[in-house]
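Next up: just one chain, as structure tokens, the form predicted on its own.
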Amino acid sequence: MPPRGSKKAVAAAPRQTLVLDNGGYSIKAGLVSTQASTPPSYDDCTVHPNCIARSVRDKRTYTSSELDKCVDFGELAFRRPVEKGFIVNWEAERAIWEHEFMGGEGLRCNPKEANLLLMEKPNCPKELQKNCDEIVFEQFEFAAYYRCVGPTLNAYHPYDPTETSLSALPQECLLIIDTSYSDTTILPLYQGQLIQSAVRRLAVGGKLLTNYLKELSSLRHYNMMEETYLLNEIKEAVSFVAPSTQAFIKDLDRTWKGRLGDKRELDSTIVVDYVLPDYERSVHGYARPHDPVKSKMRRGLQPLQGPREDLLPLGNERFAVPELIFNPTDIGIKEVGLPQAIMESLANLPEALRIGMLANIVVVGGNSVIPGFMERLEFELRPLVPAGYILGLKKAEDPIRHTWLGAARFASQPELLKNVLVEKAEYDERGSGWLVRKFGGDLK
């Protein structure tokens, strides 16, 4: 027993941190060491589906990366633990974390010997935050933990992308556009801190786009309402954003079939035929130039001998679906488009900050990889920006993993990490309510 009044030996802080960008569609994860000889890179991050899928055909359940072993994606029923960017189903999320990060084939992270840096969306309800903190410390028993708004850590990327050295100082002014699966969020950052009053959220994200494509395809062709995986695959393969509103209207005209009795020839430069997979000879479909003759064939009209094809003709669906990011009123969502929302966000800032933010806009998230997205955003944003201001708009080198890498650069610097981590012993002493207030900035 130690002498009275003596201090107990302090356990050495864990050298590894599990950095988790827990998105609605995928989890970006990686182990980061504070003693690594080189800064973290995109290669240190692995991307895992954030879902549990149940097949009604082979009666199997696939957890996260097990989807790679699936050969029949027809009518897969998905269970996603994240809704609107927030973890709402910890039973499913815990199963995914255990499978991917604590199993034999995963990252092999021992929570009791590691820190956890967990990223979340802004404006998460406090009850969900409290539930999250309890799961992390009481069930997983991580040694130490930090929860924060993920996109804020993009400020720890160097302003010059060619710079590889780590810096403890965040970028001074940075405007993050995070257009992801759950929604699209505009986040102004000053010295790495989120300016909460200027945050804006649009309901349009990748999930809404996929659901809209399901509705259009089911209305015009086949019943695709249960084919979430397939329609998401089609969306990623053939979607593009029209260069402008005027070009959008022209493309609509070029893909219009005409009235009954006055059929028009479709523009083959836009309309494609998507060959649907049969999950016997092929697991994934593909797009090819539109063929009017073949597209008229249906199952009953195809030859009995030889290969059979199911085609999904796609015309204005290709550009009308991603157009919702810029014009959500097209389907009755009473919100402004992304360019107008950006200006609304900046209107809440002093002029000096507006100038700095507009000069340093970085776009992250999966929707930004849709062809034409960045060109359309710049085309619509430039007329809204005062003539004397510089507009610096760029897409992250890897929009999917860019936020994770910013967090990894932060976590690899022990002087930054020790200032924000909360150890399990401190949580056990003060409780989850205190932790919510601390991470929320209410306590210093």
Partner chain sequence: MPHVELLPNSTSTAAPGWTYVVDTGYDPSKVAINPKDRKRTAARPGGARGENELSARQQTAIARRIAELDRDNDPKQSISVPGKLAAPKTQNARRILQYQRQIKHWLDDEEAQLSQQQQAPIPRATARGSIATAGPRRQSTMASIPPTPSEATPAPPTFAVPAPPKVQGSSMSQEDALLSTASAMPPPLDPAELQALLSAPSLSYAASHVGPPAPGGPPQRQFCDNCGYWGKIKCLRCGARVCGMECKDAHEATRCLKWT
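Residue numbers count along the first chain shown, from 1. As the structure is a prediction and not an experimental result, all values here were calculated from the model.
From this point on, the text means the form predicted together with its partner chain, which you will not see here.
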**Asked** Taking Gln139, Ser197 and Arg220 together, does each of them reach its partner chain in the model of the complex with some heavy atom inside 4.5 Å?
**Response** yes
**Prompt:** With the partner left out of view, is Pro158 within 4.5 angstroms of its partner chain in the model of the complex by any non-hydrogen atom?
**Reply:** no
**Message:** Within 4.5 Å, heavy atoms only: does Glu323 come near its partner chain in the model of the complex?
**Reply:** yes
**Message:** Would you classify Ile52 as touching its partner chain in the model of the complex, given a 4.5 Å non-hydrogen atom cut-off?
**Reply:** yes
**Message:** Can you tell me if Ser268 lies within 4.5 angstroms of its partner chain in the model of the complex, counting non-hydrogen atoms only?
**Reply:** no
**Asked** So which of Val336, Leu276, Met374, Ala143 reaches within 4.5 angstroms of its partner chain in the model of the complex, heavy atom to heavy atom?
**Response** Val336
**Asked** Just one of Cys148, Leu349, Val238, Leu311 has a heavy atom within 4.5 Å of its partner chain in the model of the complex. Which one?
**Response** Leu349
**Asked** For the chain seen here without its partner, which of 39-47, 57-65, 26-34, 401-409 has a heavy atom within 4.5 Å of its partner chain in the model of the complex?
**Response** 57-65
**Asked** From first to last in sequence, which residues of 74-95 have any non-hydrogen atom within 4.5 angstroms of its partner chain in the model of the complex?
**Response** Ala77, Phe78, Arg79, Arg80, Val82, Glu83, Lys84, Phe86, Val88, Asn89, Trp90, Glu91, Ala92, Arg94, Ala95
